[in-house]
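To begin, one chain is listed below as structure tokens, in the form predicted on its own.
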């Protein structure tokens, strides 16, 4: 597992709907804010890249010191963003694909309002398990 990993799902309206610190590094409030800032700063780059390629997995779109931002864009333009310090590209792609499947299952729930925050503890548990497995 990566030492530093922050995962966020951003709706098509640039609203974060899910956030998780999934790395094995100790959690610090200051680091969490820095991670959010880096991920949100990469949104403009992702916006431009999403329209220039048909690929869903955009790999490493931005770097900050030793941290890399990898992105997966869904067909509905929801962005799954991961800030990490690992080089395991295949694992990251698999992580994104499986989280995308979980996200689709959330969307199929008739009680979920698309674009609202994901508060399901089951979803959170599954995402963290996938992070341990692939990152």
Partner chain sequence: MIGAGKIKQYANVLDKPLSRGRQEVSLSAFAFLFSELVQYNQTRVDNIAELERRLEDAGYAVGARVLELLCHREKGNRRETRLLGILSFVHSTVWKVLFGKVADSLEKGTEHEDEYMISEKELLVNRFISIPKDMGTFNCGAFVAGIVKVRMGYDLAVFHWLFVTSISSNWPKLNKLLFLEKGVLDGAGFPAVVTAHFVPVEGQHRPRTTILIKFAEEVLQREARLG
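Residue numbers count along the first chain shown, from 1. The structure presented is a predicted model; accordingly, all values stated were derived computationally and were not measured.
Absent from the display: the form predicted in complex with its partner chain. The rest refers to it.
The single contact residue among 74, 86, 36, 94, judged by any heavy atom lying within 4.5 Å of its partner chain in the predicted complex, is 74.
When you look in the predicted complex, the only residue of 31, 67, 43, 56 with a non-hydrogen atom within 4.5 Å of its partner chain is 56. Interface residue remark: residue 119 is not counted as part of the site for its partner chain in the predicted complex, having no heavy atom within 4.5 Å. Its partner chain is not drawn, but in the predicted complex it has no heavy atom within 4.5 Å of residue 18. Within 4.5 Å of any heavy atom of its partner chain in the predicted complex lies no heavy atom of residue 61. Although the partner is absent here, residue 90 is not a contact residue: none of its heavy atoms lies within 4.5 angstroms of its partner chain in the predicted complex. For the partner-free chain shown, 97, 100, 101, 102, 103, 104, 105, 106, 107, 108, 109 of 89-109 come within 4.5 angstroms of its partner chain in the predicted complex, judged by any non-hydrogen atom.
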